[in-house]
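Shown next as structure tokens: one chain only, the form predicted alone.
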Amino acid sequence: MNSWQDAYRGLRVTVTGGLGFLGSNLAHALVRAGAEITVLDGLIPGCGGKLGNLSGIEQHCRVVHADLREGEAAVAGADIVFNLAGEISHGRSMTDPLRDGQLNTVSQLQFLSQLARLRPGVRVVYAGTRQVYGVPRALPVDEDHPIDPVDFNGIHKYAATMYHMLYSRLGQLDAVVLRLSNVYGPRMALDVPGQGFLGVFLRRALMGEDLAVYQPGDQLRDPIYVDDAVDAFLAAGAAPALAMRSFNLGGAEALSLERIAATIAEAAQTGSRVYPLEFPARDKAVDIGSYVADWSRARRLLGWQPRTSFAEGVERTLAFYRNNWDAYLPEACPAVEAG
């Protein structure tokens, strides 16, 4: 049994970015846990939000269509806030840093200011990113690793992290930051660019297309299945007073990019092959090489650890999209049927 089992029954919970990939999966889990849910989402183009992500639980959620700066109605009376809104695209942050800064810093500061005024002392769990660490100096990466982001997204997400920490030091909020590795699973926006390489691999495999792996291909990642990530958020939201406020999250195993691509291609059974590709110079400049998270602090203080193997998570993810073509990848049907 999870440590947070039954902790959310009857609680009023707000999920920002709740129409997105991770936020909607969290909303589904909260409904199952018996919470009263308000979803705040501005459906900002390029951020991956979809109304259909709440399919099956619409009647259990109050949806406020507004961005963070206009979120007062969504947080009034909230017992817990899960703050997952924002831009995740590293590449887009390099081509349009002002947009990324607006979404990940300015809007966050405005939102937290409102939240501290309306719900002083409320627990807020923020979706951070491993990107704040930049190129790892040693593996696995723990929370004491130096902060040295290589792109604007990492810089802006770290600024938002520090806003959460400062409001907590001032006693105005009770924040917890979870720094995520690559999350994958059902409800990813496979049709939206900039949502990560795992989405690209899954989309191409479902359509029977080949998967390109930037060389040398032995770069390590520790993908985390979305259900495991959701469990971490729920554990952090329900935890009593914490001595530490930031936690790294990662998957159950570290795999090379080549192994990740091969696992997805083999599971899809659409004839996709994996081939090497030279790293484009523009992307190589902000590449972090290998990354593996040390999540021992989360295990020690939150009672959390990842439980889903990558192969199992990929099978579940592919099954979800095969059962939901029309909502997510209608153009992939012929390739899969032919496979």
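From a predicted model like this one, the values you see are computed outputs, not experimental measurements. Sequential numbering from 1, following the sequence displayed.
Only in words, not in the display: the form predicted together with a further copy of the same chain, which the text now covers.
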| item | value |
| --- | --- |
| Heavy atom of each of 253, 289 and 291 within 4.5 Å of a further copy of the same chain in the model of the complex | no |
| Segment that reaches a further copy of the same chain in the model of the complex - one of 220 to 228, 121 to 129, 93 to 101, 79 to 87, heavy atoms within 4.5 Å | 93 to 101 |
| Contact residue in the model of the complex, from 200, 166, 73, 212 (heavy atom within 4.5 Å of a further copy of the same chain) | 166 |
| Sole residue of 173, 235, 150, 265 within 4.5 Å of a further copy of the same chain in the model of the complex, by heavy atom | 150 |
| a further copy of the same chain contact at residue 242 in the model of the complex, heavy atom, 4.5 Å | no |
| Any non-hydrogen atom of residue 277 within 4.5 angstroms of a further copy of the same chain in the model of the complex | no |
| Touches a further copy of the same chain in the model of the complex: residue 155 (any heavy atom, 4.5 Å) | yes |
| Contact test in the model of the complex: residue 110 vs a further copy of the same chain, heavy atoms, 4.5 Å | yes |
